[in-house]
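Quick setup: one chain, the form predicted alone, written in structure tokens, and binding and motion questions come after.
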Amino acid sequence: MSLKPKIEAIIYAAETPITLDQIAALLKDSAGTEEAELKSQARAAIDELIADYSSESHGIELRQIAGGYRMSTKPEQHDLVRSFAKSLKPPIRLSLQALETLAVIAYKQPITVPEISEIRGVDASGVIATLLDRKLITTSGRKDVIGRPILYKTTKEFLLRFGLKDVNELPSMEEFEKLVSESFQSDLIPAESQPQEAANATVEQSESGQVETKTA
């Protein structure tokens, strides 16, 4: 496989400018090429990408910034991008307790608040309103038992947030926990503002497949 699409994907995914040395290090294991030759090939591929994105048919460009490479919008598109950025919703802020409740709903949906509370070992009713407000969950009718409690399930917004086609694409619990951590890390409410039991809690999956919460 050509280095060009690999390098394009690496630069696109990088949050900060990535250097030629970093790119070469990432490609080393799969390329099976001497380091000096690999750097030369990588530099040539980057030059090709820069030329490709310089075309008027692209709204972004590949630039060398602060000793590394990154993709950015072209100056002529800045006004449009600025207008789009202003239209975006504020970032989602969720507590660890809310994230754990969201994980339980994702894997056990449709599910009621009493069932969520039983799985987590703590009352989950307080965070349901937050998840509803963020449009990450929605109601799904009522369970046909005494009291007819409301059932909850995840929403399209949930799928968009985690890049899933549908709930059938949910990864394993361990992978989902990592995905949650990466997706919401910058939006988490500081731990000191959370109840201690929530700050110490982790969601795990038992051998039977049931989602459980264990505290330190």
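All residue numbers refer to positions in the sequence shown, first residue = 1. From a predicted model like this one, the values you see are computed outputs, not experimental measurements.
One more form of this protein should be noted, the form predicted together with a further copy of the same chain, which is absent from this view; the next part is about it.
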property	result
Heavy atom of L38 within 4.5 Å of a further copy of the same chain in the predicted complex	no
I18 within 4.5 Å of a further copy of the same chain in the predicted complex, heavy atoms	yes
Residue contact check: G126 to a further copy of the same chain in the predicted complex, 4.5 Å heavy atom	yes
a further copy of the same chain contact at H58 in the predicted complex, heavy atom, 4.5 Å	yes
Contacts with a further copy of the same chain in the predicted complex - residues in 154-170 whose heavy atoms fall within 4.5 Å	none
Shift in CA distance, A14 and L99, in the predicted complex relative to the form shown here, given it is 3 Å or more	farther
